[in-house]
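Have a look below at one chain only, the form predicted on its own, in structure tokens format.
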Amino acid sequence: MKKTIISLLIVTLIATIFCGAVGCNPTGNTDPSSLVIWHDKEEAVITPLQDYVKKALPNITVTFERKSSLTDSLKLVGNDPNSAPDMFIFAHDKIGVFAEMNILTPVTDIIGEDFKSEYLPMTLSAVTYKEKLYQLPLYFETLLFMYNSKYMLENEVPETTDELLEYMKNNTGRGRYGFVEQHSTAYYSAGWIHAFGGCIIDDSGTPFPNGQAVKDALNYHTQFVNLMPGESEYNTVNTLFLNGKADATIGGPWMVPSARDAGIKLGIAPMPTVTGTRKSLAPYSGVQGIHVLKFAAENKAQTVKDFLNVLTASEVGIRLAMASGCAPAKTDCYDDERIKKDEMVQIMRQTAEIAVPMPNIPEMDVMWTVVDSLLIDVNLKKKNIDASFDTALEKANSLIDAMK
């Protein structure tokens, strides 16, 4: 871990010196009445935020700048006021990396603790690192069980994985599939592992702390994988579903507009329960929100505080939900009559009770590749599960040890 932190700090220092010498499109962001906010979001998310902030804080100039490689950019500029933003909107899973770089200020240091009682517990858990809350949550995303109601009738929607498997057996063949998913990708397969009581990595940075649970999940899941196409990449799975070649899938809310544009009468249902464990498939959740860089917190304290307080308004979450189908982080948003009518948002609210926040510790960075390789070995290459797991665990430990 120390090696990783030192490397990040060296990169930040070099980038800062270089930018100071030759210029790197600096923001010159030192005006206390202005804020620069980086993000990687679509306009459907940013526009409602811009409009609301402009009316709520007319005396503050807020500039939203889109960055395609936000993580890499922040690693390079750190807290440099000539190049860095004041804040950024991003998923919670990189909080540990940025906290270890010492570039973030906990939001509770700025606006206190009182607001926390109004937020879904899952969202607060996601943005907490080493007992400090480093993000003001705005909304979250989880995977959803989606089905084409033209083919999978409402009374056929599975409540258990055994029912799903039976449906797949009866409705797969001749170029059609009862159910498809990205079965060999860590993000999508995590829900199966969680349903067996396992996890990819724990809060202490230990990979696969319950190895038997992971192996049990892999073994059980192969029954479903064998009834899906061998190719499980995002484009393949989406194309099958959007072209009416697959009756159901597990996908993110970002799939919904494409499904509706394709003329699919889309149904959204709770995740099936694994019959043997009586636990639902529990997907990862990603919590999106505002992070504050230290320079801004120290040099624009009142402006930053005013901005964060404005974003705690329930109307912000409601507008995001209406504009882009985001699931608000605040609990009372779901009582709004406009949001009550949105089936997808309400299902995500329900899924928040079982969803597992993506780990926000730096060690998770190496686990995505490790787990992908394990899934490819088991699901695509049909290798022995025990041997493949042992190889993955050895690789994970080696990579994590190298970070220390």
Partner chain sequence: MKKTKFVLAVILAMMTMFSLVACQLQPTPQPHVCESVCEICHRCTNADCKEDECKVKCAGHEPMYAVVISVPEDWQNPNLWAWSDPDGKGAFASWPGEPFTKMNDKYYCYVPGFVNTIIVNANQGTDAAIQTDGITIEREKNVLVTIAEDKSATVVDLPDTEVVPLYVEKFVVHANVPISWETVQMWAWSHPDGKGAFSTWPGETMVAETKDGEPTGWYTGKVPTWINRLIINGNEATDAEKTADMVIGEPKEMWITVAKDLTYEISYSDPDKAVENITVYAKIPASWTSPACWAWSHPDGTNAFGSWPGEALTQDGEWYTLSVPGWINSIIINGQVGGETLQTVDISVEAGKDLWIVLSQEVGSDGKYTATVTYEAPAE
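Positions refer to the first chain, counted from 1. These numbers come from a predicted model, not from an experiment.
A second form of this protein, the form predicted in complex with its partner chain, is not displayed here; the remarks below concern that form.
- Residues 37, 105 and 121 are none of them found to lie within 4.5 Å of its partner chain in the model of the complex, as judged by heavy atom distances.
- The contact residue chosen from 149, 223, 302, 206 relative to its partner chain in the model of the complex is 149, the criterion being a non-hydrogen atom within 4.5 angstroms.
- The contact with its partner chain in the model of the complex, taken as any heavy atom within 4.5 Å, belongs to 167 out of 334, 167, 295, 129.
- With the partner omitted here, the stretch from 139 to 147, 308 to 316, 273 to 281, 231 to 239 that lies within 4.5 Å of its partner chain by heavy atoms in the model of the complex is 231 to 239.
- Its partner chain is not shown here, and in the model of the complex it never comes within 4.5 Å of any heavy atom of residue 353.
- Although the partner is absent here, residue 343 is not a contact residue: none of its heavy atoms lies within 4.5 angstroms of its partner chain in the model of the complex.
- Taking non-hydrogen atoms only, residue 43 approaches its partner chain to within 4.5 angstroms in the model of the complex.
- Within 4.5 Å of some heavy atom of its partner chain in the model of the complex lies at least one heavy atom of residue 156.
- Of the residues in 198 to 216, none comes within 4.5 Å of its partner chain in the model of the complex through any heavy atom.
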